[in-house]
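Take a look at this single chain, the form predicted on its own, given in structure tokens.
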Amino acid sequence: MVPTFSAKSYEFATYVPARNYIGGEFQDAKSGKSIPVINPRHGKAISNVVMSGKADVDAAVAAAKAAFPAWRDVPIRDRAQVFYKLRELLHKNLEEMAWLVSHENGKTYEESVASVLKSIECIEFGCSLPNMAAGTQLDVSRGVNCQVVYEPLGVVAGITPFNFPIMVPMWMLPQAIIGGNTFVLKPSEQVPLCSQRLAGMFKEAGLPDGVFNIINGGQESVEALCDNEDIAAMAFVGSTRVGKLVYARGAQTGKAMLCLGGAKNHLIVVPDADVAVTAENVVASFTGCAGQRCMAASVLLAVGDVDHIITAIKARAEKLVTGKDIGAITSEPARDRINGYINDAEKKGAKVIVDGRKQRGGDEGYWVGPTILDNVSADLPAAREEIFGPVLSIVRVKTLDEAIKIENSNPYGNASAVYTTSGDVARRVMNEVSAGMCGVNVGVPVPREPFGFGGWNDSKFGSGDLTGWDGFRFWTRARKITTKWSLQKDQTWMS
């Protein structure tokens, strides 16, 4: 059993090594290689993680394949009971799991609690599937009945990012496992520790060995998952660059693939927007999770005279305390990349009205405080590329049409929002922006369960959304059954 994580503060603490979990047993990678797991708040290793290769992936898939027939035959209501118990365990260990998220990812404790609670919400939706997944049937002709049932695919896999160590896996696991599949999870090598604890909770909840497996590693393990022909479906959450590669490579083996990529989310602010609502919401959007989330705002399209609103946004951002209100940046290279975008924009004429480059949340670790760039040209990298940090670029435009044009010229299509008190303006933006998740006076328009999470354009590769009912449909296949039991006195085209 995996030991509990004992930390109850931001003070540095260590944890057990992250190993592979195959067939209900923890084991080292066959290569014998490992790398350190860094606590971003302190900038030093709290653990290490094994680096797996093809042989490890094949072993995990084989264990999942062996467990599949028995798990497939378990009634869906009994499969869901495991997740009812997992939900109880996460509630019971909420504080522990939140501190573990914080220590391996760098989030504040409050943000970490919220991410665990969102994970529980995903589980709760999964527990509802036995009621939702009842296939429909209809007598389509005299004596002829058509029925749809949803069946598992077999062994499936998920590759998840560093920014939400529990929540993003829970976008996949409830629908896939309650749907009757067995699962191989490849968490980010930067945040493998929550998955270890999760494996122990699954075992305590009664999940049979081999139904849930973990492979730790980097590019080699991802490529091996893509190439393994015994994996029927795979989901990925991460950058657009890697998402495109994973989608193409996995699809070559006939897998069902769904890959969520990066984002460049635009917030459109018009003069009639409510100042207090807009200031609070915009700052929360671009600084939450230190901007390290695909739903974070990164560009504010300021339409006309909105200086009074920008002043309020600036004042609110300046009140945030780095280290207390904003967590650490996940790594030193990530911090340097974020600062590079700020430096480049300033050099090319943007005005830094809130500067977080020298802000720190402690003597150690990797930090960038809230940063606002004003008068950013729409063609600058800071306005077009994903920064993934607490940086807001303000692009000034004269009209709403110009704002929508800039939004739609960006290759991403994850999220977009408008701040206004006008229903007509809101309707126009919601109808015309090219984004899959949109908000009116909501800067992080994450759909809550049962609604699905997923963007458009270069923010997603594959069909459907990853969460909600679309997620269940992705991890299953519909079998259509037509039956007839007696000869009818008259004839139809189906006779």
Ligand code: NAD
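So that there is no doubt, residue numbering starts at 1 and follows the sequence shown. These numbers were taken from a predicted model, which means no experiment stands behind them.
Absent from the display: the form predicted in complex with the ligand. The rest refers to it.
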As a check of understanding, the residue in 366, 388, 212, 83 with any heavy atom within 4.5 Å of the ligand in the predicted complex should be identified as 388
So the ligand isn't shown here. In the predicted complex, which residue out of 288, 261, 169, 179 has a non-hydrogen atom within 4.5 Å of it?
261
Should residue 242 be classed as touching the ligand in the predicted complex when contacts are defined as heavy atoms within 4.5 Å?
yes
Would you please decide whether residue 152 lies within 4.5 angstroms of the ligand in the predicted complex, comparing each non-hydrogen atom pair?
no
I'd like to know if residue 419 sits close to the ligand in the predicted complex, meaning any non-hydrogen atom pair within 4.5 angstroms.
no
Would you check, heavy atoms only and a 4.5 Å threshold, whether residue 323 touches the ligand in the predicted complex?
no
Answer yes or no: in the predicted complex, does the ligand come within 4.5 Å of a heavy atom in every one of 266, 393 and 438?
no
Pick from 115-123, 393-401, 217-225, 338-346: which stretch has a heavy atom within 4.5 Å of the ligand in the predicted complex?
217-225
What are the residues of 129-166, in order along the chain, with a heavy atom within 4.5 Å of the ligand in the predicted complex?
159, 160, 161, 162, 163
